[in-house]
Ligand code: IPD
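This document opens with one chain alone, in structure tokens, the form predicted on its own.
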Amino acid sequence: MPDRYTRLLPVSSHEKSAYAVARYAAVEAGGILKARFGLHNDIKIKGKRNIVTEADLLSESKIIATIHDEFPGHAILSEESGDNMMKSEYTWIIDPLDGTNNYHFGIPFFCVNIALARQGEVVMGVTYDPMRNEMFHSVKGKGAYLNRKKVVVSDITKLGEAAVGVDLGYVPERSEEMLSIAGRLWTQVHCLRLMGSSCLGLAYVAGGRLGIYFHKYLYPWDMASGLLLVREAGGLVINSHGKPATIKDNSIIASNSVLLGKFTRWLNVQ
């Protein structure tokens, strides 16, 4: 494997190889997105407020080709291409451009996300912001990192001192529900941010920038990398039932243990 795949943390040989491939693929795909940012990108409409751009597809093609070259027997689940239906112990979960609406309108807040799950459990994750050259990355049991620096979740324990990130989703009824929650929440917290990228929202919890990230309507590629990042940074991610969230859930709350408890208690009485 080329030297550009290296500069890795010590992990097992198989995961080290996959980790290297994921980091390399994320940087290459991020380069595509950055080069095309601000230019005309043809779009296709997937649903109301839900689009896919040329850049999405080019980024996805680069990632999938890189993975196929190194791990042809692995399954792949990607936002734009779906599931390749291959039977494998390992599944790569890809969002080639999270924050597509931000990207489309020239807002430089988007990222590439690549995760590897073994029998449904995420064991490696990468979230790469090419505009800031920030790579959040983790391997199960090895901690979470921003570039070369180890990160931990915020130690804030009071809702009134916390920055909280939320997103709405694409379905009008669900968006209205989230807006209603956000309207009640903003008086309870230090500040509220509508992110436009769930993957960066989770990465920012892992990095201690947000105290909480909350979303009720996600897909596996929206959170696979972030689930591991937050947990490896010492935080918790739960589902709507208060159980540890998995890639099969669509509602998540991510935070440190104390703040998470206070937020869920507030949420449950609303």
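Since the model is a prediction, treat every value here as computed from it, not as a measurement. Residues carry their position along the shown sequence, with the first being 1.
Not on display, but discussed next: the form predicted in complex with the ligand.
| message | Only one of these stretches, 212 to 220, 28 to 36, 65 to 73, 238 to 246, has heavy atoms within 4.5 Å of the ligand in the predicted complex; which one is it? | response | After filtering at 4.5 Å, what remains is 212 to 220.
| message | Check residue 185 for me: does it contact the ligand in the predicted complex (non-hydrogen atoms, 4.5 angstroms)? | response | The answer is no: residue 185 has no heavy atom within 4.5 Å of the ligand.
| said: Taking the ligand as it sits in the predicted complex, is residue 77 near enough to touch it, meaning that at least one heavy atom pair lies within 4.5 angstroms? | reply: No - in the predicted complex, heavy atoms of residue 77 and the ligand never come within 4.5 Å of each other.
| Is there any non-hydrogen atom of residue 130 lying within 4.5 Å of the ligand in the predicted complex? | Contact with the ligand, no.
| said: Contact with the ligand in the predicted complex for residue 100, defined as at least one heavy atom pair within 4.5 Å: yes or no? | reply: Residue 100 belongs to the contact set for the ligand.
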